[in-house]
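We begin with a single chain expressed as structure tokens, specifically the form predicted alone.
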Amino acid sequence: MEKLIDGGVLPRKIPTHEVIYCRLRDMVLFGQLKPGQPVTIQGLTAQLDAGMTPVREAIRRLTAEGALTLQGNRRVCVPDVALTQLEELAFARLTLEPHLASIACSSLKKSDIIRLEKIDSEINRAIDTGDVQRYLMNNYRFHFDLYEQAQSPILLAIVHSLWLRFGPSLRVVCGRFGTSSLPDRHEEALAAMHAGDAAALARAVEQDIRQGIEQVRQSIATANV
């Protein structure tokens, strides 16, 4: 039984393997591991300052989620996204994410919208200063802070797996073209939140996703020329 302090319960310690999984997941999600660039498992253990067992477990989970692929000589890499795969990701994201946003709209409190506005301010600063990492992290926060309000854990888990497959490609776009044209239709989304207009919020999220997908599509096409 956990000890009580002043009538409360001590927070449960997060297992080491879960911490390592989250750290490696973020390295994939926010482009610290480049698509197609192999890294050794030993190198990841050193980078994460972790034991081999939790790193292997994190790799196993991310491989199952399609975020990493195993190679020979104890190497892994973030897979490149082909145009055919991008079309599948586009279909799934454009189907699920506007739907989650629409559901979330009626649950949003004023404090939620204020929090999302603060996150969007961070995104704008990142775009203005060319800070790719800051953009990617806060863009992720904006979308998932919104989607979590839908209280649809199954759909949320699916969308998260889609972002793991799509996020590294958006990082490649940032590296090639900078931050000036990155997807950001959040002002329209925030206006819809204030108005309590679920349909308008869904449209804004859809347009935001389409913009990012089109940039990745152009990047892949250019790379294949």
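Note that residue numbering follows the sequence shown and begins at 1. As the structure is a computational prediction, the values presented were derived from the model and not from experiment.
The same protein also has a form predicted together with the DNA, omitted here; what follows describes it.
**Student:** So the DNA isn't shown here. In the predicted complex, which residue out of 53, 32, 63, 47 has a non-hydrogen atom within 4.5 Å of it?
**Tutor:** By the 4.5 Å criterion, the partner-contacting residue is 53.
**Student:** In the predicted complex, which of the listed residues (217, 17, 23, 203) lies with a heavy atom within 4.5 Å of the DNA?
**Tutor:** None of the others qualify; the residue that does is 17.
**Student:** How about residue 40 - does it come within 4.5 Å of the DNA in the predicted complex, if we only consider non-hydrogen atoms?
**Tutor:** Yes, residue 40 is a contact residue.
**Student:** Under a 4.5 Å heavy atom criterion, is residue 74 part of the interface with the DNA in the predicted complex?
**Tutor:** Contact with the DNA, yes.
**Student:** Of these, 54 to 62, 24 to 32, 162 to 170, 194 to 202, which stretch puts a heavy atom within 4.5 angstroms of the DNA in the predicted complex?
**Tutor:** Heavy atoms within 4.5 Å of the DNA in the predicted complex occur in 54 to 62.
**Student:** At 4.5 Å, heavy atom to heavy atom, what parts of 119 to 151 sit next to the DNA in the predicted complex? List them in sequence order, or say none.
**Tutor:** Contacts from 119 to 151: none.
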